[in-house]
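Each of the two blocks below gives one form of the same protein chain as structure tokens; they are labelled structure 1 and structure 2.
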Structure 1
Amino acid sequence: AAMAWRLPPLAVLLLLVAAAVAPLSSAVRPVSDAHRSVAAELFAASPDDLETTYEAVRTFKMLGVQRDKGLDGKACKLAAHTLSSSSSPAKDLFQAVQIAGVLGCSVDAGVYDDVASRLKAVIKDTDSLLEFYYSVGGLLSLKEQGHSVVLSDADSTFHAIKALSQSDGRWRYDTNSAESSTFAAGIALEALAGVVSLSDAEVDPSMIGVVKNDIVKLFGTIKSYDDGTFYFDEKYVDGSEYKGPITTSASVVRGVTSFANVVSGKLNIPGEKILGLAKFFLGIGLPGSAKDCFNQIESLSLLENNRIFVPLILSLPSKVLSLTSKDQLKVEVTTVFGSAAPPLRVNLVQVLGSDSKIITTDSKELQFDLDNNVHYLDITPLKIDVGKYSLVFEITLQDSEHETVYTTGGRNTESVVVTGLIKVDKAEIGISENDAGSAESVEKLDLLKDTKVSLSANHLQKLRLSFQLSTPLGRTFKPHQVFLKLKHESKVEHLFVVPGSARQFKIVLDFLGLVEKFYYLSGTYDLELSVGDASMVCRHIHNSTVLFGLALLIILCLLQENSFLRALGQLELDLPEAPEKAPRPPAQAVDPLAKFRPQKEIEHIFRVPEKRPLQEVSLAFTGLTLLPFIGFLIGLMRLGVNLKNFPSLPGPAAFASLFHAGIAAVLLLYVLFWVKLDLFTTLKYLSFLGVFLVFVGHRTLSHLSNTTAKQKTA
């Protein structure tokens, strides 16, 4: 039976494409320019702390990203200041030496000698694993930069670090720690590798063998996913200690690869676990934080060139293949940084359907394109149809000597989506009087073209729609979702699921039983059919997910060979009048952008202005306002105002002049009040002028009073 939903068909297709994109967008691919762009963005700001600065310069060096010379100069100044400071702890000295080594900062040899002495003193006095790690690491970095650094008591230091190990391969941070840590195991192995490198004599071989056995135990605690991904995590969760899988795995990779590079012989670590760690870090994709970016790139850089096994990554440039375009299956086998692999063969040994059903077990060797460094295979002979498949590949190294250097992991499984042009046959739409048929009007539809119909019906009739879908190989195709949408001219929408049988999709809408669902709304309805399936996504969708939003992907899909959203035409529906208690249509959502659109023009009629006096009368009254000022001037003349008593001495004369200027300013302020200023602004200015006039007026009047007193005395 048909169901009426209010979910838009485009939203349904969005969910379908999202489900198809999810397993494809997380595909394992080697380090690319996208990682370089993300690293440049995450470390764009110039950090002020040593740790972030070290991670930034180290990441850029591994990726080959050019930094701003000004930022490098700032980092060198920070490192030089830390190295010359007598209060810098071992951690800061370690990071400062690393920064100076990466950037080639100019540091006085005497400063380095002092740093080496301080780090050696820390090694003698500490029982903290972190202090050992930073001190040994700093000394090793000094040695790598060409300075003569020797750890004379290497055996005792080695034993002191080894004493913190546990029976399960993990390490404690110090002798007082009750819990062991996987992260601590990584930095312990790195510190031990540094001790071996700094030693002036061979470290006890038996202790080296014990540590190798500890590494085997440590890898016994590694965790995994079903796809062959391996990672390390902490044994316990604590707010102050828990590091997370990325940080923990990175610590172990640093420690194990460092130790393997300085000891003789090969560590007994299975190659598939090294490959699984590489897949874990590549599976992160583009990291979201600077710390994760540093851990990811440094771990992959160490795995790129190590003495255990160099992992070779099998990846597919495109995980969506089109039968219509006769796409070739292309496979790349490279190192984690995209370097070319040694000579090898790639065979497709098995194809599994989405239900894990075996499609074919015929082994087919892929051809190798030397110019593009890609293996390829024509998928047409495989006889695979539209759908999702799991392809099982087997990689074989041609030179047996390479088997001790590289690891391929044996068989590798990759998921692909095969698309094709879905054929639509026997599509019909019509209006009938009853279930048996008796159609009054039936029209053929070509759903692959923009053809529209015009229908009319009343509440006693039924709408029928039927069609068939077939794959490029002629098999019946049943998509995940098929919807028919009816949209009233008042924007009220109704969505119906179109049920499908083994060969045909068919829906019958009985309007008599749907009058309430249609809210008794007569008028014009737009008919729209949407067909979507996870295997009907558009080609190269995995590349588009990086460049465009998922909504744009839907549009691209609908414009191509696969899922379709088709307007079928219009239906003029005549329904009876709604009874008094009939349900009302739901309120339509208000467009949030409507308030920004042009508004309706407001028409307003102003009142007729009142009558005003003649211009001559206005001018006459304006002149009358000047009479008080004229009277003031006449009064001054009658009183005989003069400047005979104006002070002659420079000081009093200056105060008298300022006093008269202040009075003039007050008069000017009155004029401005009438012309421009408001009352509050005028009072504000008048308050300042009043204080000024009191001061200069008092000095002026005091001088005149003293002068008058002297004249009377004389």
Structure 2
Amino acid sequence: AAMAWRLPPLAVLLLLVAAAVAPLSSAVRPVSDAHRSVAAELFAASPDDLETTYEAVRTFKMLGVQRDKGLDGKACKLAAHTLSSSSSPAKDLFQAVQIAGVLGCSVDAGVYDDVASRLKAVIKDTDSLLEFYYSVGGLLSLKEQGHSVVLSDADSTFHAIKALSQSDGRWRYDTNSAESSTFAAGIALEALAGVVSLSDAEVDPSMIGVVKNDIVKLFGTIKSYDDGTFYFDEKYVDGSEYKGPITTSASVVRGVTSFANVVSGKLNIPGEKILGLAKFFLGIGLPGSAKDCFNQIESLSLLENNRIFVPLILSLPSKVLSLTSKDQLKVEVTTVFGSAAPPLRVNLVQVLGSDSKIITTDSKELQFDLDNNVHYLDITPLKIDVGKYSLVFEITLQDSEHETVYTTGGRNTESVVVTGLIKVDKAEIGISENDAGSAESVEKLDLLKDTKVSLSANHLQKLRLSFQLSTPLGRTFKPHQVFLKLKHESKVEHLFVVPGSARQFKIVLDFLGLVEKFYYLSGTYDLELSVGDASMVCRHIHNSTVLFGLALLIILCLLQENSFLRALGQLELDLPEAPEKAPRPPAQAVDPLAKFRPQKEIEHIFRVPEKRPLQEVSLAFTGLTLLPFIGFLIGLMRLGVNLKNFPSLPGPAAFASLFHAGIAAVLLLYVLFWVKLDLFTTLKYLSFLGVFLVFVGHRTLSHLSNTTAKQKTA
């Protein structure tokens, strides 16, 4: 464990704290001002396209955030323009109507009538699920704004949408597409709910019953994590169409909650799944993209008052409890948007330590503070020591009628860190001779004060350091990290783990064996002791971003409750001279951050291209190569080559010329092959030409051989 310690001590501290707090700060908390500020950031840029404007307007409405008047005016203008344009598709009309409704834009009634009739025409003609969805949604939005819109023949529209459903509860996008999608199911359910709201007559109740069954089947495909979070995702992750679990789950939540709002009777969905969906959306934390933010906020606002089950979320405002300041355990039970829950009781039923060791099992009821809407409990009587624990809570609603309205999830588990003052006592440091067992000069250290020791030793002596750590409840404490660091004046560092036994932590550095490790460097060494653990955490960190609390941390984390890095003093070490072959200490970086700065540019060495001959030389030799061919032709003429044996009869003559033409064609094919064709095309053509050539050649040559045979016999 003795490695060169590159990071400065403060970074060590921050890392330890971040590591301790990070897993805790991703816990579920209801929608708060942090979400509002993140939404303001994500939608800050004034969008030009309709979809982003629509998402921004809806999100701010649901969060209750006032927007800039100028941006609202721009959105209204965009919506009005879309509504009056005659070429806008149903999707744009739907989004524009929604924007106009939320912002209260002033649009002519005539424009709205025209839009309504266009959307009704789309419903009549289309068979695509998305078109149904946008047109029904647009009409529903118009109706909510006060215009009278009635969908005649709602039954057939209902049937048309229902016809696209599949047996597993999913939906297809239209009659042509083969694959079904969970996202489409959410859209379809929302469209069906819209049809039911818009129809003048009651929709066939048996169809509604069938759709309720489809919803139950759809919820059969839900996926879950171990902590009770449920979400929807597509069955196949298809590259271009894949929307991700957030969008898919949001679509299903929209569909199911809007359908539950319009039908009588309850939907057969277990409360834990609704709670799981709420936990999923809250578990996103602060979303990273505008679309995720819109989907999260819309789903949560629909879950806030839905007719299936209203989820109640249990969360801890602070996950770090300090024994020193006698912190109380505080628990909040609220709706997803942070509104008050109905009267209920919270019991702490179990406390589990690390490795799921059970600490206590008797159930304690938490008291309720009405003014702050928080349940609290004193943890001192529980006799819990410093460390990380899982607390198991049980929520029971006081009014039994609320059991059909709200869902609490029964038992909830949350993890906390209990910190306390770690007492460091009996700290001793000293130099002893190699042979003798007892220490020659031992100094008592008070690690709470800032005293520094000054020691000197040579390579024949040993350094001893020992101390004890104990928790507020008096038990010995074994932290995760106890390091002793020796830093030479030339910045060479050595790290040693201080081993701990049941009673104490003790380290003995025998310099005789460490001479080579220290690179034979004599001189002044700074001694530093660092003790750290995941549960030695600054209690002022809340679940808000770690970075925000870090500034506070730097100031406040000097108490012994937290991990510490203590400078112990200096040691003058006298080591023998380095022999010839001794290893040199590694070069210390002047600036340890230099490796993160721009590096030297890498020059790529490419293969030197081969030297090519001059073009004139090549052309000259091409000519020289053709010379022998000319010589061959001249020689042929001199030999008296003639075409007398060429068959005179037309039939054989044709075959003979075809034979020569065939050979010429093959040679031409070869030239083309060299110039541009590939092997397979060439082989294909060659096979045709080859068969032809064989046939023609056979005819010609057999004719020739017959002629010569006749001449011989004749």
Partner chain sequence: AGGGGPRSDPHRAGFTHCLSSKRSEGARFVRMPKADGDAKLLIQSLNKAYAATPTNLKIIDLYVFFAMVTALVQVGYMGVVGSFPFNSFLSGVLSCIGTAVLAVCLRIQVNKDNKEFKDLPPERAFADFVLCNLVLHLVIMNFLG
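We call the rigid core the largest set of C-alpha positions that still match within 1.5 Å between the two forms. Every value quoted in this text rests on a predicted model; they were computed, and no experiment measured them. Numbers given to residues start at 1 and step along the sequence of structure 1.
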Selected structure - criterion: the form predicted on its own: 1
Core superposition between structure 1 and structure 2, C-alpha change of Leu42 at least 2 Å: no
Glu616: Cα shift of 2 Å or greater between structure 1 and structure 2 (core-aligned): yes
Core-superposed C-alpha of Leu370 shifting 2 Å or more between structure 1 and structure 2: no
Cα shift between structure 1 and structure 2 at Leu649, which is computed once both forms share a superposed rigid core (Å): 102.3
